[in-house]
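Just one chain follows, in the form predicted alone, and it is written as structure tokens.
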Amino acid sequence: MRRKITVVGAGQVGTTVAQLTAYKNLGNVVLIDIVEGVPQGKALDLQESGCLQVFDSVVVGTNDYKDTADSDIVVITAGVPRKPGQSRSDLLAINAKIVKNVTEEIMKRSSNPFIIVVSNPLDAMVYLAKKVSKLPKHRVIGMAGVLDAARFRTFVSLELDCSLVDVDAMVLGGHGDSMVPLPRYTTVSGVPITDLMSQEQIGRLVDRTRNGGAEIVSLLKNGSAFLAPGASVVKMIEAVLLDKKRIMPCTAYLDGEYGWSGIFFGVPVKLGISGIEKVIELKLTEEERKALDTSAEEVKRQIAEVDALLASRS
């Protein structure tokens, strides 16, 4: 039986996820959105490319959550982007309401899905999805580190003029300005970039990685990144459904790892058929640990805001 992947939100990220999932024949796809006609039209367009891209997946567009029943994986991309002059707290309040409603609707119809959250502010929204769904911690995850590491890998490859496939990168922490790229764990064919670049080069690439999303927003003028985020999600879906045991940085629930508990945070995890099979604890320098703790404090503040919002609406 084919696996069922539901993508909530038929915007550019959601559509990219649906497209790449179908192209890779990972399972049947349900694309759901509140706007009538949009998910249906995009799903039909994608289905009509099946004979050209040679996939047999069935793609359905819908506005009704009944079509998501018995999903194996649910990707939540729904939410609004931050507008000029809007505070992070205002964005959190708006998207918390959306993600809460989406999660409730999904859980009414799917008993044990693996949930991947993409909506921002990412760390707070994946925490919210976990709390509302009441799923075990290994069944809820956030997509951030895969994307941030992909950006770091890309910038290293361009800087060194080397093959992108030879570059591996590690980025920890919250998804935002406080993320912690780790040059010591970023390599080219096993050689740390600290042996291949000057500190000035590394610092410049670290800063560019932290501002990777903002750089694209500034270029597009009206929109944000969607191709790399969508591809990052599909790498995670593939790791789970094909039981690949991939180790990649993702936003996972911490229960004492790295000295933190009760928060979702970007750390390396092993992804397989049961979801998060293990959180990998890296040996960090004092400086790296301090940067990670600073990032964790910021995430903790966001999560406190989520708890306060839930309490006010209960």
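Small disclaimer: the values here were computed from a predicted structure and weren't measured. Residue positions are given as counts along the sequence shown, with the first one as 1.
In what follows, reference is made to the form predicted together with a small molecule, a form of this protein that is not presented.
None of 159 to 167, 205 to 213, 98 to 106, 234 to 242 except one has non-hydrogen atoms within 4.5 angstroms of the small molecule in the predicted bound form; the exception is 98 to 106.
Using a 4.5 angstroms threshold between heavy atoms, T186 stays clear of the small molecule in the predicted bound form. Residue contact check for V8: one or more of its heavy atoms lie within 4.5 Å of the small molecule in the predicted bound form.
Among heavy atoms of T294, none comes within 4.5 Å of the small molecule in the predicted bound form. Under a 4.5 angstroms non-hydrogen atom cutoff, the small molecule in the predicted bound form lacks N25 among its neighbouring residues. For the marked spot (V30, V74 and S110), a heavy atom within 4.5 Å of the small molecule in the predicted bound form is absent from each of the three residues. The single contact residue among L172, A78, V146, I141, judged by any heavy atom lying within 4.5 Å of the small molecule in the predicted bound form, is A78. Interface residue among S178, S224, Q201, T194 relative to the small molecule in the predicted bound form, by the heavy atom within 4.5 Å criterion: S224.
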